[in-house]
Each structure stands twice: as C-alpha cells, then as structure tokens.
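Here we start with a single chain on its own, the form predicted on its own, put down as structure tokens.
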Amino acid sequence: MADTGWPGCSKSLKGVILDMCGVLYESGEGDGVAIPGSIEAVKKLKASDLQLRFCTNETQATREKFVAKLQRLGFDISVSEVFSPAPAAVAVLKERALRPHLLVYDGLLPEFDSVDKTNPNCVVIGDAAEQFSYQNLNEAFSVLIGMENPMLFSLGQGRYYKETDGLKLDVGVYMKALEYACDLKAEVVGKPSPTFFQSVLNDMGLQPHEALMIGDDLVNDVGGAQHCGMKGVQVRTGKYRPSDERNSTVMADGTVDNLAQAVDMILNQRH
C-alpha cells in the first residue's frame, strides 16, 4: 500500500509548491536575505523530475520586480513560475466588470494599470504597509459604506509576516477592520483561497494529491493546501512559532527545520 504520510508521500509526488517569504528569504532592508540552504534547495528541486511552482501573497511589488529581487539574491526563478494575488485579482475584476478603489502599496499599482478605476464599485486591499493610515482606511471605508452591495477584495489574509527586524502586521488585520465596520465578508484572492491553489495545480496539470505545499504560515500555506487536498509541510523559519505545532485547527503533515531539510527528505524518498 502506498505511504500517504510525510515524508513517505514524496515517492508519489509530481509537483512541489513553495511559499516564498519566510521559506526562501527573509524580507527587510534592500532585497532582504536568503535563508541558508534555500538557494541550493531550489536548484535541487529544479534538477529533479518534480514540477516546481512558487506561490506567494506578496503584494508590495509587481511580480516582475519581486522576481528580479529574488534573482539578485541568487534564486533560479522566472516570472511564469510565480503565482501572486494581484494578477489573479485583475482577472477577477475584468471578468466581473468591476472598478476598484485601491488601497495597496505604491509598488503594486502598475499591476492594475489595465483596470478601469473610475467611479469605483468595489475596494481592493493589499499589504499597504505604512500606507494603512487612518485617512486611507477611512477612505476605503467610505467607498464601501456608500454602496448598496459593498464588495471588498483582500489580497491574502495574513495576520503578520516576518522581516529581518521582527514581525509586521499583514493585510488580514485591516481586512478584518473593514469587514467589521461595513458588516461584510471580504473575498480573499491569494492563499488560502482554494481557487488560488487550484490555479497553480491547473498550471502544473496535477491533481491535489500529486502536489505538496511547503510554507511558514500554518493557516494560509499548510491549512490552505490541505483544504484543497494537498499535503502541507511547515518550515521552522519565517513566521513559524513553536505554538504552531500545538494548533487545535490545523496540523501540518510534517514540520521541518528549513526548506533545505524538506527538499533533502523529499529527494531521499525518491531514490
């Protein structure tokens, strides 16, 4: 009988999906820093027979600029391998003929150049960092509360993420504030949305049981992947907290010290 647990499930894997911030690198001043062993781990995966994709909730830069930063850090990554919320949100907005009011980081604005933003009929929020001022949040609130059927899109729903100088509040905190103020439920674009994970699986041409997600976020990376039918492994880097291993709602299929260890365990099972 096939081994469906971790790491035995690696024998039947056909694809691996990696989170980026907190797994490949720590963000911070300049380009941030690569997590030890992660550059080599990506090389090993690319040299194997496994398909590889990268799945991020990064919303402070366009995909092109974000990938260029990782390439400068030494990673072998191309834009076509990276799935992020902004392009997915643009597709949704166009499909539904929606015109967004944007509360996002300035570096992300070019992703929305092709979208009509006059007379907004929805609000899109991303990780706007210091642009999450009272004035900007109140403006987004005013747009929503003035609508008959207010519609809020959130690019991910993380609570916090780790930079080199500590933990930082993420978009989910501000999403919850607007949900509470306007008595609505946001539509999340990005992890842990099943639609987002499914788009990555579709790109690889794989079924959920054929793929494994590796991330530092227990709820959005691991839990989101498991909800789709994938295995989810958590790394003890990035935003990992020891309490994650005692979480009452999400239990990772495996917990490893870092990406390098996870990749070695996967590839050792396949030899």
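Throughout, we count residues from 1 along the sequence that is shown. What you see is a predicted model, and the numbers here were worked out from it, not measured in a lab.
Missing here is the form predicted in complex with a further copy of the same chain; even so, the following discussion is about that form.
- The contact with a further copy of the same chain in the predicted complex, taken as any heavy atom within 4.5 Å, belongs to Tyr174 out of Phe75, Tyr174, Phe196, Phe112.
- In summary, among the residues Leu167, Val79, Met151, Val90, the only one with a non-hydrogen atom within 4.5 Å of a further copy of the same chain in the predicted complex is Leu167.
- Exactly one of the stretches 93-101, 80-88, 197-205, 124-132 approaches a further copy of the same chain in the predicted complex with heavy atoms within 4.5 Å, and it is 124-132.
- Contact annotation: Asp183 falls within 4.5 Å of a further copy of the same chain in the predicted complex, judged by heavy atom distances.
- Contact annotation: Gly158 falls within 4.5 Å of a further copy of the same chain in the predicted complex, judged by heavy atom distances.
- a further copy of the same chain is not drawn, but in the predicted complex it has no heavy atom within 4.5 Å of Lys65.
- Interface membership of Asn119, defined by any non-hydrogen atom within 4.5 Å of a further copy of the same chain in the predicted complex, is ruled out.
- In the predicted complex, Leu137, Asn138, Phe141, Ser142, Ile145 are the residues of 137-153 with at least one heavy atom within 4.5 Å of a further copy of the same chain, listed from first to last.
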